[in-house]
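Okay, here we've got a single chain as structure tokens, the form predicted on its own, with questions on binding and movement later.
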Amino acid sequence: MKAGIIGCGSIAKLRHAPEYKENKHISEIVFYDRNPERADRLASMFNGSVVRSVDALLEDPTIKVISDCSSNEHHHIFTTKALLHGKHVLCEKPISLTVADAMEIVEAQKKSDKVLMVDHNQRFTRAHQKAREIIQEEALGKVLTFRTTFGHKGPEHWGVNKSNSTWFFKKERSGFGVAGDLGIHKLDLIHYLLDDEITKISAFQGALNKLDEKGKPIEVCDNVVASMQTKKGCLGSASFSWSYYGEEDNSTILYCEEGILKIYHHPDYQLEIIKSNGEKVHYQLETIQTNDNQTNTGVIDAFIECVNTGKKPIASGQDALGSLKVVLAMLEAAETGTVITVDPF
């Protein structure tokens, strides 16, 4: 089958296109970008073809699957249209900027009965999947508290636009700043690891360091810290940052009744168990995706498997809607200085 990609920025270049190219079920990739040169460049790199409009992509009956790699404010437009044109869609996160727009996508999926998967790729790493297995087996008892973080030096260092004019710094386009770029990954991960929902949250946020092309503080947050409670009663904290200039940090620590789970915390072991009696168990799985270490995430393969077999996506539109609600609640908490109760998923 053919795959179409909407939006030819860094996420398409480094993640989606290479993984489609490696997938045995994909015969060709068709690229669209509002900047024709970007589409031409990726088509040349991956031996694909180009269309000059989204409609041309959606109306091509030979294209069965679509990756929506557009900027955040366009997801609900392109993903909804693609689903209603009978395409299976892998949408980048966040699913949208508002709950109403996310609901529009979810309803389009129901109406079309096509696969909708959202690229919450932390659900796919072997370390996170192994940690979820350990938690479900209660090998260390119940999870009591957790802390998680995700930070790097900022999208202007890895995005296709390597300058302070990047769309990630524009409120009307990115919406949430670092909260939607990095934070939503880890909030979604907590839902996945614990098979639980974040129900209450408080937070602080700010544009502490990043400046726009005019030398003024950016319109969105570059740092957020939050405290939260889950439906099952777990307590946790999180920090998300575009100003981790020394090295990227993508770690999560879970404190359980009978020990500790450390994920992507040790330099040599992707998963480390420290039991209450002092015994340590180390797992060498795979290194996590970073901006400097681009490897196959398994996301495209999982998406195509769902298309071919009817298997339920590991990160569905409903899952993504739940994570979006937490991000919105987190930013509301930061703006109001109050504890916000998250709307039920």
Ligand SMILES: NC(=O)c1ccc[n+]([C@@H]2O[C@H](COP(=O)([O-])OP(=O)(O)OC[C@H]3O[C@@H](n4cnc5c(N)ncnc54)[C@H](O)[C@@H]3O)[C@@H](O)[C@H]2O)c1
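Since the model is a prediction, treat every value here as computed from it, not as a measurement. Counting begins at 1, following the sequence as shown.
Separately, the form predicted in complex with the named molecule exists; it is not shown, and the next lines address it.
The candidate stretches are 247-255, 201-209, 233-241, 114-122, and the one lying within 4.5 Å of the named molecule in the predicted complex by heavy atoms is 114-122. Checking K153, K142, K275, R173 for any heavy atom within 4.5 Å of the named molecule in the predicted complex turns up a single hit: R173. Of the listed positions (S71, T98, Q129, N164), a single one reaches within 4.5 angstroms of the named molecule by any non-hydrogen atom in the predicted complex, namely S71. Highlighted residues G4, F46 and H88: none comes within 4.5 Å of the named molecule in the predicted complex, counting any heavy atom. Contact annotation for R34: at least one heavy atom lies within 4.5 Å of the named molecule in the predicted complex. The named molecule is not drawn, but in the predicted complex it has no heavy atom within 4.5 Å of V220. A residue is said to contact a partner when one of its heavy atoms sits within 4.5 Å of a partner heavy atom; W158 meets this definition for the named molecule in the predicted complex. Interface residue remark: K81 is not counted as part of the site for the named molecule in the predicted complex, having no heavy atom within 4.5 Å.
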